[in-house]
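As structure tokens, one chain now follows by itself in the form predicted on its own.
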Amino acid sequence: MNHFPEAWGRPRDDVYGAYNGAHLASGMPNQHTQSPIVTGTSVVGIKFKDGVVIAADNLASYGSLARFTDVKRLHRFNSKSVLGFGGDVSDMQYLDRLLTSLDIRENYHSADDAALSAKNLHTYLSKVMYKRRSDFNPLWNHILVAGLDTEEKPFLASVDLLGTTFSSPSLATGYGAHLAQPIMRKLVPDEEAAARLGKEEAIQAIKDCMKVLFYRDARSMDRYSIAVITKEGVDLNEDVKLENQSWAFADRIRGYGTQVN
């Protein structure tokens, strides 16, 4: 008896002859991922005078289903860099393995004072993302790289699935580019304003952004990770809960609950 799955439901070869599987062969070219399935939403980051603050919530959505509620999308690379991943979670895991192997190689072959800076890491990722895009097999992520550059100055930049790079005093991916950026740009419209901004003000701005995103983004949740990168190192907290939530404004929105005309 043939127990292989490909034989299930087929006529017996000894009665009807050998099965012709030629029609199962595909004449189409190889295909790659056309759209991500399990995804993370916004990542937000802002510079201040001594470093960078970056945050992302811990939700990974399966389409529109809030499926995984403990996915950490901030990854510490070394004492100078943190990456925030938006987009496909499986591609994030691939990049995490890639960067882990890079970190191991750098630790073996480099001196302690020659660790990769956030700027070096951003350049490396831009090449990886552009190469995959050129192969028509992109990594479906939008990444923020936060940390210190080679001169120990605050560094914040992004790279997307096309290999496009961008740097600014404040950055956000996904829905945050529409809802969080206005909040941060009001605080740091340029590099001079970022150079005057204090640490506590930057952290509070990020917390305000995460609260607005929880209220307005259906793919977000109220638990998030936040990292502060300074010359002293990386302070990463991966289980922060939104404080002082209030839905009092909701009854003034048409379409919420029972409406009386």
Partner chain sequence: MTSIGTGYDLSNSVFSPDGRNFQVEYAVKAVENGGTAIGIRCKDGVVLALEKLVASKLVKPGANKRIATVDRNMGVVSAGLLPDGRHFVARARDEAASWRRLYKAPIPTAALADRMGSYVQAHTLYSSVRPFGVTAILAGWDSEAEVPVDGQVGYGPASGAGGKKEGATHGGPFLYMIEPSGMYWGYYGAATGKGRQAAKSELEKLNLAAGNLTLEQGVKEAARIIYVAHEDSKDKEFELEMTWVSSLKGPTKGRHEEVPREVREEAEKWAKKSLESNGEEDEEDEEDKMEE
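Note that the coordinates shown come from a computational prediction; the quantities given were computed from them, not determined experimentally. Numbering follows the first chain given and starts at 1.
One more form of this protein should be noted, the form predicted together with its partner chain, which is absent from this view; the next part is about it.
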{"query": "Full three-residue contact with its partner chain in the predicted complex, heavy atom 4.5 Å, for 123, 142 and 153", "finding": "no"}
{"query": "In the predicted complex, residue 103 touching its partner chain (heavy atom, 4.5 Å)", "finding": "yes"}
{"query": "Residue contact check: residue 96 to its partner chain in the predicted complex, 4.5 Å heavy atom", "finding": "yes"}
{"query": "4.5 Å heavy atom contact, residue 186 and its partner chain in the predicted complex", "finding": "no"}
{"query": "Exercise: residue 232 in contact with its partner chain in the predicted complex, heavy atom 4.5 Å", "finding": "no"}
{"query": "Contact assignment for its partner chain in the predicted complex, among 116, 71, 148, 161, heavy atom within 4.5 Å", "finding": "71"}
{"query": "Location of its partner chain contact in the predicted complex, chosen stretch of 129 to 137, 162 to 170, 71 to 79, 177 to 185 [non-hydrogen atom, 4.5 Å]", "finding": "71 to 79"}
